[in-house]
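Given next, in structure tokens, is a single chain: the form predicted on its own.
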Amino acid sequence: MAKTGPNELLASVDHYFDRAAQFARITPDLVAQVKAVNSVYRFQFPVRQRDGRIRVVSAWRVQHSHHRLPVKGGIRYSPDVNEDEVMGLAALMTYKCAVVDVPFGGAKGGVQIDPHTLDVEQLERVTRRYTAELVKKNFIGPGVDVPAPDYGTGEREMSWIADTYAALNPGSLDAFACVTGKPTSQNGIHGRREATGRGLFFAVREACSQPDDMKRLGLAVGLSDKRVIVQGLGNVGYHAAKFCREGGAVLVGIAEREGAIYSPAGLNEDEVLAHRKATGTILDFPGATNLVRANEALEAECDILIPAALENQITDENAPRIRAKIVLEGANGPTTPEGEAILLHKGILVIPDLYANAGGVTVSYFEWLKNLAHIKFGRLEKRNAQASARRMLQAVEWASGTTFTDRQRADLMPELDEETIVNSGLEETMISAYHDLLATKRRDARIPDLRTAAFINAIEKVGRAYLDLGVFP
């Protein structure tokens, strides 16, 4: 097997795809169509800097699959981003959407800048110009291509994109559906910011509820008291740590760019973030031990390891030293094929990125639907649902001769606000998709792991969609 270098994400994705394709129940010509990258838009544009000089910025937008429209995928700002990486990430988006039954094709964008070296005005210029270039070629739009945040971007950049698109498409009723991950004040949706981390929590909680798998790993059923290490305390890593800790797990380790800390007694992610804000580093956190190397946290003793930073973090070099029982992939492509082979040989359960970090695109789908419908989730049904629940409680009180306390009434009455509905939909999506993976894995003893099962599911769903479109008469 060829080594996977830092810029070879596409090769890694293709490796996993080819391994799964042999088990897919579709024809070879359909398999080839599913794998093919449909469109690559490579361009450069000038941006005037504060000192008057012109900077030429390289950028990409890749649309991997048009079996569903619009296509969907984040925009990455990184000095190291390149065309192969964007193509690999776009392919992952196609397969990820298929795994969780979100009706989008896959896409991805990349801008070759370091956002940490630019001020807000420069970032806004880059973002708006990038959006304008996409508009020129019809590579963005509510029914065409809908970007979202990725590494180096966030709600602020998404609001600039939405505003630029609306300005260039005056009178477009659905303009704000051109991008997701927007602030709630700009037609975003409650729960989107936490969605990827919350989805990771739902995924690992469901995995830990499987008695046979936990017995094989020598772990008790359930998430309670499981020791968790998180690599990356950004949006994804922070929320994954938070929800796992609140769900009963113990956060024992955190790794960031500047180093890593470890505490068997447990850490609180909010306290660590407060310490980092005050001191500029997570190191020297009270009660925790500093680890010599940031990546040493990956190798520390734990039950659940969550790599939630960048790709290629677990390789054939460090995989032999990893002592986790479960690897929950929060980042895209954090494990190389060589590293994964070692993890599987050691009996480690790998919950693949293809499924595990799909919470973000799932809730992005809900945001897109909200923008198209022009109505907040829960607005129509909230009062009616609460009135129905109130009548039901009154009937139970009358029949049983008991009276509920105010606290009990509050617990039994449905909230049905937007965030509650969104989180419920995300939970159902992640649970259902996990059992689909288990069912696929069990249908053939030769299917070695959940990643292969996820790719099989994706290949078959996308292939059948192309067939139903009449692409192959």
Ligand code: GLU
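All values reported here derive from a predicted model rather than from experimental measurement. Start at 1 with the first residue shown and count on from there.
There is another form of the same protein, the form predicted in complex with the named molecule; it is not shown, and what comes next is about it.
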item	value
Option touching the named molecule, based on a heavy atom within 4.5 Å in the predicted bound form, out of 370, 226, 205, 192	192
Contact residue in the predicted bound form, from 319, 134, 148, 162 (heavy atom within 4.5 Å of the named molecule)	148
Interface membership of residue 332, the named molecule in the predicted bound form, 4.5 Å heavy atom rule	yes
Partner contact for residue 336 in the predicted bound form: the named molecule, 4.5 angstroms, heavy atom	no
Contact flag, residue 314 vs the named molecule in the predicted bound form, heavy atom cut 4.5 Å	no
Contact label in the predicted bound form: residue 188 to the named molecule, heavy atom within 4.5 Å	no
Partner-proximal stretch of 421-429, 65-73, 43-51, 439-447 relative to the named molecule in the predicted bound form, 4.5 angstroms, heavy atom	65-73
Heavy atom contacts to the named molecule in the predicted bound form at 4.5 Å, residues of 92-108 in sequence order	93, 96, 108
